[in-house]
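Starting off, we have a lone chain in the form predicted alone, written out as structure tokens.
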């Protein structure tokens, strides 16, 4: 209850900030994208875990105000990287169910892109499969409007639901993110390899960027490489970084963990 009360003050007091986690091309080690992740540092509570505050915020319209701030901040940061001479890459943000149901979401995104000056192709919105499942009708309209703006759409947590193939046919996704549960328990047996290999092949068949998330060990990385997974994200490469550290990473490139 205390966290819920303090959440309403956090945005006004500028206690939220974004961290950025790189997405990696496995063959070259090149950074091909950044995921923007919301963080909260409270003066008394200290760092509050997103798993605690995001579900609370998502139950109220406060999430819509936080979402607007997140989109604008992420766009501004991506444009700042481009103006600093860094190669342009997409920056991705997550949409929860309440954000997806916002009737004027595409208008908000359009105004934000116009205000910040970021080309729409360098913004990617991620929608979890479970969110789509329960909001299919509104998702159709909202995602279509975002696509018309030129914004990229990613299907997150792929493989957790039961209609993945139908979603791939229905929506013009650009990125397919393999659910981290597949990666977390990856031991290399034939069944696990078969599932991941099939998901990768499915993504390629739809001409999508397939991204494995949650990479934490060399073993996981080696197995994904053997299955010809092209891109990945996870702590093995980098934890989510504050903007200054993320900027330095983009300038210097990744260390040797490739």
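Positions refer to the first chain, counted from 1. Note that the structure is a prediction, hence the values are computed from the model and not measured.
Although it is not shown, the form predicted together with a small molecule is what the next lines describe.
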Assess the spot marked by 16, 65 and 99: is the small molecule within 4.5 Å of a heavy atom from every one of these residues in the predicted bound form? no
Since the chain is shown here on its own, which stretch among 203-211, 29-37, 65-73, 189-197 would lie within 4.5 Å of the small molecule in the predicted bound form, judged by heavy atoms? 29-37
With the small molecule left out of view, which of 116, 94, 147, 135 would have a heavy atom within 4.5 Å of it in the predicted bound form? 94
The small molecule contact at residue 180 in the predicted bound form, heavy atom, 4.5 Å: yes
Heavy atom of residue 216 within 4.5 Å of the small molecule in the predicted bound form: yes
Would you check, heavy atoms only and a 4.5 Å threshold, whether residue 124 touches the small molecule in the predicted bound form? no
Given that the small molecule is not shown alongside this chain, does residue 157 nevertheless sit within 4.5 Å of it in the predicted bound form, heavy atom to heavy atom? yes
